[in-house]
Structures are given as C-alpha cells and as structure tokens.
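A single chain comes next, written as structure tokens; it is the form predicted alone.
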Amino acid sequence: MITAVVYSESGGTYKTTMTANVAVALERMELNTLVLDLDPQEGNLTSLFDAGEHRSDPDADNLVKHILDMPDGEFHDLIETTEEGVDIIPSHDMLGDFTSNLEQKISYETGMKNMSREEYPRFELLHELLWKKQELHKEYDAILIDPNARAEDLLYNAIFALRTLVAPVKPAGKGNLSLEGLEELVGNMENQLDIEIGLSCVVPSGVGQTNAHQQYQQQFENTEEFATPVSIGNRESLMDAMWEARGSAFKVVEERWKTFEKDGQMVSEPGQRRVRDREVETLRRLYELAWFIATTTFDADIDPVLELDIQGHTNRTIDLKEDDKTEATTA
C-alpha cells in the first residue's frame, strides 16, 4: 500500500496543504485514503478539512490515547470522512503532550516488566497500532501523515510506521539548507530506528519567477540524488482559498471559491473565482505528484486521468500521459 509522511523542517513549504491535495488526488484515483493529523498547532490538516469537533476536549477519545494503549472508545470511532471522501483521524490537543505522556508510560511499564528504558520500543507504538492491532492495510490503499515539525517522539513514531518521506522544500537558500538537514535527519533516524527510510521525492514549493527561485528549482530538478517529479508555483491565493473552502485546491477551482469584499466586509463564497489556466496547471502538477508517489514509489497501477467538474464552466480532462495537458470536454 501507499504510505508517506509529508515532512519539512521549515515553514512555508505548503506541507499541510500538500498533504491535503495529495490525499484528495489519491482518493480521486479511486484509492481509499486515510490521513493522520499529528500536528497539534492551529492551522493544521484537521482545521483545513473542518474535522475534529472534540479536538480541544481533554476527556474526548483521541489518537494519543490509542497509541499509548489507554483508549476511551473504539479506534474506528476516531475516523471522520471529509466532504471530498478522504478519511481523517483528527488532531487533538493531547498531541502536544505526547512525549510527557509517553515518558509516564515508559516509567510505569519498565518498572512493571523489569526492563531498561533502552529496551522499551518507544518509536514503534504507532506502527503497532496501525498495522498489528488495527490492520489498516486491509481497509485502505493509502495512508498519509501530516506530522509535527519537531524531530521528537511523535515524528519518529510517524516515520517508523510509514517508512517513506515526501519532502516539500523552499526554492531558496533555506531550501538547500533544509534539504541538507533532511538528508542528515533521515540518516540519523535510520541509525536510531534501525530501519531504512525511503525519500519518495522532493517538491520545490512556492516557486516564483525570480532568477534565484528559477536557479534553485533547476538545481533541485537536475540532481540525481533524489526525484523531483514536479514543482509547485507560488500559488498563495489558491492555497489560502483552501482554508476558506475547507478542502483541497481541487475543490477551490471546481467550486470557484474566492475571498472578496461585500457590503464592507470580507467574505468567502463559491462561484466567484475566475478559472485561471495557471491554477488548472497547478492541479495537474498536484495530481502528477500523487500519481508519481503511487506509481513510481509504490508501483501501483493507476489511471492517470483527472476530471475537473468546474462550476458553470466547460469541464477539463487532464491525461498525464497526453501532451495536451488541459484538453476541454463538453460539460
């Protein structure tokens, strides 16, 4: 099955929106897809998909309780289905205290079982939950994780469980530094976790038209050390609209969501956005990214055709195997 952690050490790389867009693209490819939101901060994947009604309730059952084997309910009751068909296990405030809660569990269990702290499988708990206890590989074709950014227990559990990274990077000096830091982090994690970690691809994101951005983009694309299947342009308006639409960039374009001034107030409504070829091309690249992960990294057999049902407009059919990237069809 397809498993990937979308990870970046730096902000502003579209990490969360990329996770959402790849998940929706995989779902559109008829792959049953689940995302886990391990980021306790505001503006996370849970907020984007308008999920997690009880994420601030300290008494509510949540993923942390299941990882630490102290659930307050059935695991599958945690799963919510988004409007676009992707399933999500929402974030919860308890994620912010994961390490302290884990330390308490380790202290208790090592004392009870007479084992050393070094023997305790602190990074294997999520792996145990997903694959051995819940056997999610029997239910889902793809599982993605949007993790917290800090290199700590929760991130290590995510990487140990899924083993593959998708790395959005900034096309600037910090992007190269982030990439070097990512390679060092992967090496350190492989040694610490005693597993092989695959880097599916690196995705330059927020690429502008400046000479510096274009130069860095070419450096990423020309290296043989990792795959760079697509780059994502500076589509700040499109990505920002996702938070208003509470969904993917595909939803924004198809439902034509836009934020504008109305009667002296800023409002966001569907049916107002112009259909821009550059944004349709961005959807193509996001779909191609998901297709690359599915087919090249995981050898899945996927139909590379994207159908866009755009409100009030001629539909678009995008076939990744065709030279004509945005062939129009009758609505």
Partner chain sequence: MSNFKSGSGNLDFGGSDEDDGEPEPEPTEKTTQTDTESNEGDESTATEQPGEDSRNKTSPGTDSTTSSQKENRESTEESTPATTAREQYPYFIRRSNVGDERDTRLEIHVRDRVADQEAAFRNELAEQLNANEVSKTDAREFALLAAFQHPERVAELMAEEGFGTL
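Note that the structure is predicted; figures quoted are calculated from it, not measured. Positions refer to the first chain, counted from 1.
The same protein also exists as the form predicted together with the partner chain; that form is not shown, yet it is the one meant from here on.
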Next on the checklist: Taking a heavy atom within 4.5 Å as contact, would all three of K132, N188 and E196 count as contacting the partner chain in the predicted bound form?
Outcome noted: yes
Next on the checklist: Can you tell me which of 71 to 79, 248 to 256, 233 to 241, 199 to 207 lies within 4.5 Å of the partner chain in the predicted bound form, counting heavy atoms only?
Outcome noted: 199 to 207
Item to check | Listed residue that, although the partner chain is not shown, lies within 4.5 Å of it in the predicted bound form (heavy atoms), from D97, E83, E103, E109 | outcome: E103
Checklist outcome for this item: Heavy atom within 4.5 Å of the partner chain in the predicted bound form, from candidates S268, T297, T282, N44, belongs to T297
Item to check | Any non-hydrogen atom of A161 within 4.5 angstroms of the partner chain in the predicted bound form | outcome: yes
Next on the checklist: Is R150 near the partner chain? Define near as a heavy atom within 4.5 Å, in the predicted bound form.
Outcome noted: no
Next on the checklist: Under a 4.5 Å heavy atom criterion, is T3 part of the interface with the partner chain in the predicted bound form?
Outcome noted: yes
Item to check | Contact of D93 with the partner chain in the predicted bound form (heavy atom, 4.5 Å) | outcome: no
